[in-house]
Ligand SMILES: CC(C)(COP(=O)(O)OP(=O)(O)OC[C@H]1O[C@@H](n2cnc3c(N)ncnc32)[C@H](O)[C@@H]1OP(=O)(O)O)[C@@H](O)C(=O)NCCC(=O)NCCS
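Single chain ahead, written as C-alpha cells, the form predicted alone.
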Amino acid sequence: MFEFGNVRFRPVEKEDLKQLHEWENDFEVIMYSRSRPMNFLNMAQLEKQYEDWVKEERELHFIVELVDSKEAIGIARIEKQDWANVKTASVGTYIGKKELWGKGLGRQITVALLEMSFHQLNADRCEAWSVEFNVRAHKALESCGFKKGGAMRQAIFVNGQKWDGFHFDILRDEYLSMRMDLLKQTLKDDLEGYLKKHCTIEGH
C-alpha cells in the first residue's frame, strides 16, 4: 500500500467489486471519467475485468481510500509502457464519492500518482487524457505540471454534442524541478513524515 497524506492506495480486491459496480454505473461519474456515460457494466463484466487486471503486469489498479476511516472514495491506475526505449506511465483516476468533488482530492491523488510513477517506478514521462468538458480535471493536471500536448478533435460524443479529447503529459525533469513545491503544497504538515518514509533508506 502507498500512503500520501490522508489518502491510501491499495490493490483492488474482489470484495471491492460491489462498490465499483455502483460507481461504474453512475451516469455522471462515468461521463466525466470515461466520457462514455452509457457504458454500463454488470457484475459479471466487472468480475471479468478484475480477472484481467490480476493477470496484467503492466497495469497497476488501486482503490483510493481515506487513511483514517478506510472509506473507499475512488480508483486510480498506472499503466506502464515502454515504447522506443522511453518508459511512460499513463495515469488516470476518478473519485466515485461525488460529495468529495471540488475539494482538492483529485490534485492530491494526481501528485501521488506522479510520485509513484517517477520516484518509485522510474518513469521517463507521464501522460493523461481528459475530455474537453472536464475542466476540473484539466485544472488538476495543469496545477501538477502537466502540459496539454494536443487534441483529438470532435472525438467524443456525449449529451448530444461532439467534444475534443485532450492529451496531457509531463517529463521526469519537469516534475523533479517542481517536486518539493508540489509536495509542500499538497502534504503540508504531513510532508516530513512522507519524506522520511518514502525518500530515505536507513544506512544509505
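Remember, predicted model here, so these are calculated numbers, not experimental data. Numbers follow the displayed sequence, beginning with 1.
If you look for the form predicted together with this ligand, you will not find it shown, but the lines that follow are about it.
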Candidate stretches 63-71, 32-40, 174-182, 50-58 - the one whose heavy atoms come within 4.5 Å of this ligand in the predicted complex = 32-40
Just to confirm, residue 170 within 4.5 Å of this ligand in the predicted complex by heavy atoms?
-> no
Partner contact for residue 121 in the predicted complex: this ligand, 4.5 angstroms, heavy atom = no
Is there a heavy atom of residue 90 no more than 4.5 Å from a heavy atom of this ligand in the predicted complex?
-> no
With heavy atoms only and a cut-off of 4.5 Å, decide whether residue 116 touches this ligand in the predicted complex.
-> no
Would you give me the residues of 136-152 that have any heavy atom within 4.5 Å of this ligand in the predicted complex, in order from first to last?
-> 136, 137, 139, 140, 143
